[in-house]
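Quick heads-up: it's one chain on its own, the form predicted alone, in structure tokens.
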């Protein structure tokens, strides 16, 4: 295995307002863009060349890659308009160098996992599969696409988001990483949106192709929502989730230039971004504070994201909230239970409690 495709073209609507200025895969997770965690894991597995399938704010990826040395060749392929997961895979075909029968690793840009990538590719080759899917198991699979397999690990169906108990025939779900025989990518229709989950994979089954499902019950997390984004960052800092891009694990990660008051508390895998500041008496537990943000005295922040350059006044309580880039939250505010503050917004000093049932 030498080549991989990383799909990073989504708009990240579930993570707004953070993704208004920055594409989701480029948001900092445990101190670096999430894309870096995926690229370095692929690199350490043996991938020597990776193609980024971009669309939304593609220039952000290009600027970062041009300025970085990740120890692997990175090529950028940008869609003129969104083509869906299958269309995005087909779009990168001219950028691939693999032979027709060689394996190409494809993975989604918002999945954090401890997958044995080399093992997935090895099983794909040993079974001479056309496509192999990384599967994981979840307690409640209703929000996912189910992928039942037989005794020989051959996929038998693709079932989208079951609604009744009778439809839940397995707890195995599509975990967002695949190995394609490159010739299969050639067969995906071009020039139009294609869903790999709803069109490509079911079509392969109907045609008699060998589609395998390899279950890995290790760490897996979809970072698509704010609470999951925070959890993934904290798990990386704590060492629960693996990544070569995290040099040292512990209760917190403080980046260069940040200033932390001696009596401030940072716990639960919290990350404090570069040149951010945390004032006296502040307590931050299981949160992500982006670069240049400020946290005022005696404020308490838990399970939340504080955007780049945002200012949190003194004596605030922020729990389960997302504060956009450059927003100002005046002293004494309480922002709870899914509140989202848009970039540049200014909430003055108040004793009012804001809450929302959104997550």
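This one's a predicted model, so the numbers in the text were calculated from it and none came from an experiment. Residue numbers count along the first chain shown, from 1.
What comes next is about the form predicted in complex with ligand GTP, which does not appear here.
Although the partner is absent from this view, residue 109 contacts ligand GTP in the predicted complex, with a non-hydrogen atom inside 4.5 angstroms. Ligand GTP is not shown here, and in the predicted complex it never comes within 4.5 Å of any heavy atom of residue 33. Residue 82 belongs to the set of residues with a heavy atom inside 4.5 Å of ligand GTP in the predicted complex.
Although the partner is absent here, residue 120 sits far enough away that none of its heavy atoms falls within 4.5 Å of ligand GTP in the predicted complex. Stretch-level contact check against ligand GTP in the predicted complex with heavy atoms at 4.5 Å: of 83-91, 151-159, 244-252, 283-291, the positive one is 83-91. Applying a 4.5 Å heavy atom cutoff to ligand GTP in the predicted complex picks out 24, 53 from 18-53, in order along the sequence.
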